[in-house]
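Coming up is one lone chain in structure tokens, specifically the form predicted on its own.
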Amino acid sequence: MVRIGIFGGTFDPIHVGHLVAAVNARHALGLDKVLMVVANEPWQKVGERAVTPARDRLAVVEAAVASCEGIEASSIEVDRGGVSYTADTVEELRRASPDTHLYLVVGADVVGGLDSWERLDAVRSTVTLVAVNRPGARSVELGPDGPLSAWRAVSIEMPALEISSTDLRCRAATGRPLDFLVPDAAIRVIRERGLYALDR
């Protein structure tokens, strides 16, 4: 059975912390590939702040993963348009490949907010949840009394990397370096498209 990881996000912009989480999930669980699913219109961010256009974010992700074996950019939510919900993406992937085992990769910080997700039961019945724990942060409890007791769930560890997309947007806007925080190919796309510039 093909095993596919789904790692969704705004990726505004994607950075090495995202890639390290994806690579570690793929290795730890023996996944055939991990899809970096770029949200078209992330419902959590609506009204919170301006989000870079989806096609620009997708182009940066495509550049970032181009040389990462087993990690692929996915335009499924951008192509679908509208507000992006994980339930829709999981359903679409399941229809396209019914025999595929889907793993939904999320940061440990996301686990506490899962109850607010659209059609959560449909997601829970379709995927194995992968909680990514970072050293120094509170780990997710997987036992019968933990927040994921109703899920098929596993947890993995990744190295401690304190990188913030908010900080990266600020760095790009003020001309500070993104080197070693964002893959070189992704930095080139950010600069070519003038993303995050203060005068946009």
Ligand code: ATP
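The model shown is predicted, which means the values in this text are computed figures rather than measured ones. A residue's number is simply how far along the shown sequence it sits, counting from 1.
The discussion below concerns the form predicted in complex with the ligand, not included here.
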* Asked: Is residue 134 close enough to the ligand in the predicted bound form to count, meaning some heavy atom within 4.5 Å?
  -> yes
* Does any heavy atom of residue 165 come within 4.5 Å of a heavy atom of the ligand in the predicted bound form? -> yes
* 4.5 angstroms heavy atom contact with the ligand in the predicted bound form for residue 196 -> no
* To do: May I ask you to check whether residue 154 falls inside a 4.5 Å heavy atom distance of the ligand in the predicted bound form?
  => no
* Specify the contacting stretch among 61-69, 25-33, 165-173, 142-150, defined as having any heavy atom within 4.5 Å of the ligand in the predicted bound form. => 165-173
* Taking the ligand in the predicted bound form as the reference, which of 83, 87, 76, 110 has a non-hydrogen atom within 4.5 Å? -> 110
* Could you list the residues in 45-82 that come within 4.5 Å of the ligand in the predicted bound form, counting only heavy atoms and keeping sequence order? => 45, 49
